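Next up: a single chain in structure tokens, the form predicted on its own.
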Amino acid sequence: MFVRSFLLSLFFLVIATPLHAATLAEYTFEDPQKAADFREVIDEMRCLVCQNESLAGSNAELAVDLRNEIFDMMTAGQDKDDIIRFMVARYGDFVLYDPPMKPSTYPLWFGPLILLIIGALVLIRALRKKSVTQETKLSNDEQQRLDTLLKQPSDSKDAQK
């Protein structure tokens, strides 16, 4: 059973690898710098459908269209910065994996830290409230009994057991 599952997994792995590699093989440039820039741009851009994959890794239809558009823009002579500006103007900073620091992206940069601080404050407040609540739970009778027990010598406590 294990051998069969292993061979089946290996078969699918071997078949899937060339398909993924073939997605970027169709984009060829005469200038190696253009090819490097193309690769860098599609690695920096987020797939708008998959959201956690880059344009280079996504096989979504929109990602393929955007790769084709970037390829066409680069072959037309536009440089990397022009293409990034165009894509940000068209889709917003969300299209970048590393958005620039500006007021509209502050929630992206500082949001997790703010949520962590709020969570810590809520936890500290809850722990303080719990400790205060435990201190006030003893009634007068319970407190008198506790004081009596604490004043007894240790020998008499052992005798009571």
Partner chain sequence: MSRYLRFLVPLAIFAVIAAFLFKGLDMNPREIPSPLIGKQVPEFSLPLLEQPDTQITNKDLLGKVYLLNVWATWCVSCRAEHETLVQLGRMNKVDIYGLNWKDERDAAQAWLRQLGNPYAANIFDKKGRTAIDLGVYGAPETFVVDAKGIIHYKHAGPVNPDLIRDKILPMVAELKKKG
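Keep in mind that what you see is a predicted model, and the values were worked out from it rather than measured. Under this definition, the rigid core comprises the largest set of C-alpha atoms superposing within 1.5 Å between the forms. Positions refer to the first chain, counted from 1.
We do not show the form predicted together with the partner chain, though everything after this point is about it.
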| query | finding |
| --- | --- |
| Whether 101, 124 and 137 all lie within 4.5 angstroms of the partner chain in the model of the complex by heavy atom | no |
| The partner chain: the contacting residue among 43, 26, 61, 31 in the model of the complex [heavy atom, 4.5 Å] | 61 |
| Partner-contacting position among 35, 48, 96, 56 - heavy atom within 4.5 Å of the partner chain in the model of the complex | 48 |
| Distance check, residue 76 to the partner chain in the model of the complex, heavy atom within 4.5 Å | no |
| Contact test in the model of the complex: residue 129 vs the partner chain, heavy atoms, 4.5 Å | yes |
| Partner proximity in the model of the complex: residue 88 to the partner chain, non-hydrogen atom cutoff 4.5 Å | yes |
| Residue 115, heavy atom within 4.5 angstroms of the partner chain in the model of the complex | yes |
| Residue 97 C-alpha moves between the shown form and the other one by 2 Å or more, core aligned | no |
| Core-superposed comparison between the shown form and the other one, residue 36 Cα displacement 2 Å or beyond | no |
